[in-house]
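This document contains two forms of one protein chain, each encoded as C-alpha cells and listed individually as structure 1 and structure 2.
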Structure 1
C-alpha cells in the first residue's frame, strides 16, 4: 500500500459543533477557535466538518455561497413536534461548513437573544447536528462540541442516536467559558429537549430542585472534557472559579484536561496585514510599528505624539474582563505621557464609564464603544501595550494577538493569561509582559507603572521584549497535535472494546 493510500485510510474524521465561527458569526474567542482549530487539524491530515446554525446575522456575502445539501423533518420536544432541518453547505480552505437552516429558531438574534429562547434554539441545534451527520452519511470518529450551546450533543448521542450510524462516534466537550451553562427550569428543558426523564437526575442534568443545567449534563456524558488552558482546568475545580460546578468537575477530573488555544498566524500577521498603516516584522518594527501608532492616533483623535505610551484594551465589556480594576485606575494612569484606547461593547455600566473618561480626557483617552475588527487590527499594531486584567480568563486570545504584533501584554495571572505570558524578569532579561496576581486595582497599577518605567527608561530592553514576543510561537500547531493525541486515545477505545 502506498503512503498516500494509508494516509487516506487513517485520516480521522472530526465534526465540530458550536454556536459561532469566524468569519460567519463571532462575538468572542469561541468564534476564533471554531475557525482556527479546524484549519490546523486539516494540516494534521484530518477531515473536518464544522456545524453551525444558519443565523440571520450571517452576512449575505457568505449566505450567497451556500449550497443546498438536503432537508428533512425532525421531531423535537417532549410531544414530538416536528421541525424543518435544512442543510446549507460551503467549503473554505478544505474545511466543510454545514449550516442548519430553520427559520423558527435561527432567523433572528445576534446570535444570542436571551436564555428563554436560546435554550430551545440550542436543544434543536444539538439534536439536528447529529441528525444531519446521519443524513449526510458522514460518520465522524470524534464529535467535538463547544460550550453549553452544544452540550446536549453527548446526551442525544448516547440516547436517541446511540443505535444509529453516528452513535459510533466518540465525543469531546470543550469548556471555553464556564460562566454560561444553559440553566433553566426542569420542565422547560424536558419539554424542548425531549430527552428521557432518567437524565434529569443529580449526577446529570439536575442542578437543584427546580432547575436543569445543560452544560452539567454534557460534561457528565462526554468521553473527554477539555478546557482552553491548563491553569483554567485546575481553577474550575475550585469554588472561586467553578461557577458551582467545581464538585462535578472534580468528580469528572480523570477525563478533564487543559489544552491552550493558539491563534491563526495567517489571519494575524503583522507582516501581511492589509488593515495596517504599515506592515512590520520582528526585524523592522523599530522603524515601522510607530507608523501604526500615528495612524491610530489620527483616526481616534488622540494627540499625535509618538513618544506617548499608548495602552489598548480590546474586550467584551463584562465583569469577567476586570474592567472595574481598569476604571479604578484610569485617572492615575493618565499622567501626561500616556494615552488609552478602549475598544469594546457590552455592559452599559462599563460603556458609560469609558465614555465619561473620554469626555473628561479628550485627546488622551478614547472609548470606541462598538465591535470593529478593522480597528482591532490597528490597535493591536499601533498600541505599545495591551491590558488584560481579567477576573478569570479560560485562555484569552487578545494577549496572544498582542504579542504577535509586538504589543506588550499587561495581564492578571489567571487561566490562560498565566500560561501564555511569562512575567518580565529584569535580571535575566526574559519574559513576555507585565503581570500581577491577586485581583486588586493597586496591583494592576503597579504592573502598568512597571511597564511604563521600562518603556520610558530602558527602551532597548522594551524592544528586546517586543522582538521576543513577536517571535514567540502562538500558533495552533502544538495544540492541534495535543487535540489529535486526545482524539486518538478515545478512537482507540473502539479497538480495545
Structure 2
C-alpha cells in the first residue's frame, strides 16, 4: 500500500478542489486556473489530482472517457443522512481528474443554480472531496481549494477528517472572486454541513445573528490564503474592496499573499495562431502585425488605414470593467486618427450605448455585441492598444494576452493590472503600457492620449515597447514556482513540529 504514503519521495502531491475546470465546465477565470495551474505543476515534477463535481452539463465527449474508480455511502447533514459518492476518473496531460458522482446534488444541469440549493451541494462536495482521497488511498501534501464552493474543506479537514490519513495534509484556500461568499442562514448551513456547533461563532462561520458565511470559515481555518495578485491581496483588506470581510482578512493577513495568474501561452501564441491573418513574433511584428490590423478593419467595416491607431476593448460589459469611464470619453477619443473596436456582452445600457456610437461613427467605431473567439484573437493581434480600465480587477487576463500579442495595454492601477503593467517612463524609455490611478474618466483619457502621442510621434519607442511586451514571461511557469515555494513552506511545518 505504498501509494498512500506521502512524502516518501521528492514529488509533491497536490489535490485541487474547485467547482469548475476548463474544458469540462467553465463560467469564468476560476475554470482557467483549475486547468492551467495543475498542468504547470506537473511540469514542475508534482503529482496532481483535480476534484470536481460531475455536473450534467459536462459534454458527453468528456463523460464517455470517464472510468469508474469506486463508490461508497457518506454521512452528511446534522442528522447523519447518507448519500452516494461515486468516483469517475480520467487523465489528461498527466493530471488526474476525479469527478464526484451524485445525481441528487449535481444532475441539475448548470453548475450554479441558486444559493439555497448550492449550499447543500457544496457542503456535500467539500466533504466528499476529502472522503474520496481517503478511499483512493492518495494522501496529498497540500490540498488547494478555490473560492467559496470549496471553502468548507479546511473545516472538515481539521474536524471530521483530522484523525484520518488525509488529515496530514496542509490546506491552501485561494480567493478568485470575493464578492460571492456562500452566505446563508445559520441553521441551513448547520443542517447540511453537519459541522460542530463550536465553529458557528464570529471568528469562524458566523456572519451576524442569523447568517453564516462559508468563505469566512474557510479563510479562518486555511493554513495559507492566496489571491490572484499582490495588489489585490492588499486591496481586499480595505472597505473599498473587502466585501465586508476586510477586518477578517486583515486579522488573517500573516497567512495571506498574492500570486498573479498566468495565461496558456500555447493557446495564446501570435507565432502559431490559426485564427490570425498572419502569424508574427517579436522579431517580425513590424511587418506582419499590420496584416492582422488590415484584416480586422476589413472584417468589421472600419476604414482600411494602417496609419490610424486601433484601440480594442474585449470585456464583459459591466460596471466592474470601468465601462462608464469608457462611455464618457468615446466622443473625445474619436479624433479622426483613432478607431475603436468593442467585443462583449452584458449590461443593456452599455450594449445600447456602444451600438449608438457605432451608428454615429460608421467606419470608425465597431460594437460587436456578442462573443466570438476568432474575433477576440484577431482584435488582440490587429489592435494597437487595448483598454482595461477596471474599477477592480483581482488579476485580469486580457492585459496579459494583449502583451503576448504586442498590443499595448492601457489600464487602471488596481489589482493584477497594477502588478503586471509597468507604466511607460519616457525619460528611461521603460515600461510596458499606460496606466492611471484614481477612478476618473479624465485620467483615463489622459492615459489614452499619452499612448496616442507616443504612437504617432515616436513610433520607434512604441515598437520597442511592443517588443518588450511580446518577450515578457506571462506563462504559468513563474506562478507555478511561486505556489511551489508556498507549498514547501507549509509542508516544512510538519518537519519542524
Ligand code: GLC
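Residue numbers count along the first chain shown, from 1. We call the rigid core the largest set of C-alpha positions that still match within 1.5 Å between the two forms. Quantities reported herein were computed from a predicted structural model and do not represent experimental measurements.
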Either 1 or 2, the form predicted together with alpha-D-glucopyranose (GLC): 1
Specify which of 386, 48, 261, 54 corresponds to the hinge in the chain, comparing the rigid parts between structures 1 and 2. 261
Mind giving me the turn angle of the little rigid part against the big one between structures 1 and 2, whole degrees please? 13
How many Å does the Cα of residue 359 travel between structures 1 and 2 when the structures are matched on their rigid core? 8.3
Report, to one decimal in Å, how far the Cα of residue 433 moves between structures 1 and 2 once the rigid core is superposed. 3.8
